[in-house]
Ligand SMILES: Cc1cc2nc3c(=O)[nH]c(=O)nc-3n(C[C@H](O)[C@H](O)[C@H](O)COP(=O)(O)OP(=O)(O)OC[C@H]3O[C@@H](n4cnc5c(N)ncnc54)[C@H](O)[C@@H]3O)c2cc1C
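Single chain ahead, written as structure tokens, the form predicted alone.
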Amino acid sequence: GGGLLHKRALVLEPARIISGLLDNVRVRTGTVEISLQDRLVNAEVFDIIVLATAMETNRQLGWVGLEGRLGQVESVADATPVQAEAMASGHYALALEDQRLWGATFEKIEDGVPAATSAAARATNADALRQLSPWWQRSATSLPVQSRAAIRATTADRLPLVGAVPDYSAALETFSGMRKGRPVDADAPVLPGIFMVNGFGARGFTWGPWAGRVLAAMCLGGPSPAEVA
């Protein structure tokens, strides 16, 4: 049906990428108590706090309004080894050595509802795979298929949220005149030292590295790596 061939494109393995990105990073898990006003995390004071907390940000910032999207993918192992190959058209199909992966669904899910796989989502992915490549569908589904589902945080326009976190109450007061058509010549008030990076439910690995560089420049007061349109 036509399309673009990216001869030098790559197939990324998220687990390996994330492991590499976390080199020399201290990771602590468990219960977290946060005070954004005081920049406290579990009673420890930080110069900067970055909220990279996906749907949990709805609890920390009640006004942010992130939407959850349930995504299910299917995979098989021990298939015939092939060179890396990828096909995409809304859905995608990836081959890497003896691994196959295809999906993903993008279903709206209410905040707080846990992720779960379903036969309906598997059928949707199978139909998409059949349209991408009939031979792939026959080859992949002849092996035991594993399903995995997770929730992705998305914004209304599918663009990520990157930057300083507004002081919501102060912003309402600062810009209250706009409700009556009065212009306001003022910067948006922000919470000092509080930043966010979120909303990567669509094209996350495309936006992620760029957003990280932009945010690092903001936090450290350096020049922005983003071009100005």
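Quick caveat, the model's predicted, so the values are computed rather than measured. A residue's number is simply how far along the shown sequence it sits, counting from 1.
One more form of this protein, predicted together with the named molecule, exists but is not displayed; see below.
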query	finding
Segment that reaches the named molecule in the predicted bound form - one of 116 to 124, 150 to 158, 77 to 85, 135 to 143, heavy atoms within 4.5 Å	150 to 158
4.5 angstroms heavy atom contact with the named molecule in the predicted bound form for residue 19	no
Proximity of residue 204 to the named molecule in the predicted bound form, heavy atoms at 4.5 Å	yes
Residue 104 within 4.5 Å of the named molecule in the predicted bound form, heavy atoms	yes
Non-hydrogen atom contact residue 58 with the named molecule in the predicted bound form at 4.5 angstroms	no
Contact residue in the predicted bound form, chosen from 190, 49, 162, 52 - any heavy atom within 4.5 Å of the named molecule	52
Heavy atom contacts to the named molecule in the predicted bound form at 4.5 Å, residues of 15 to 36 in sequence order	30, 31, 32
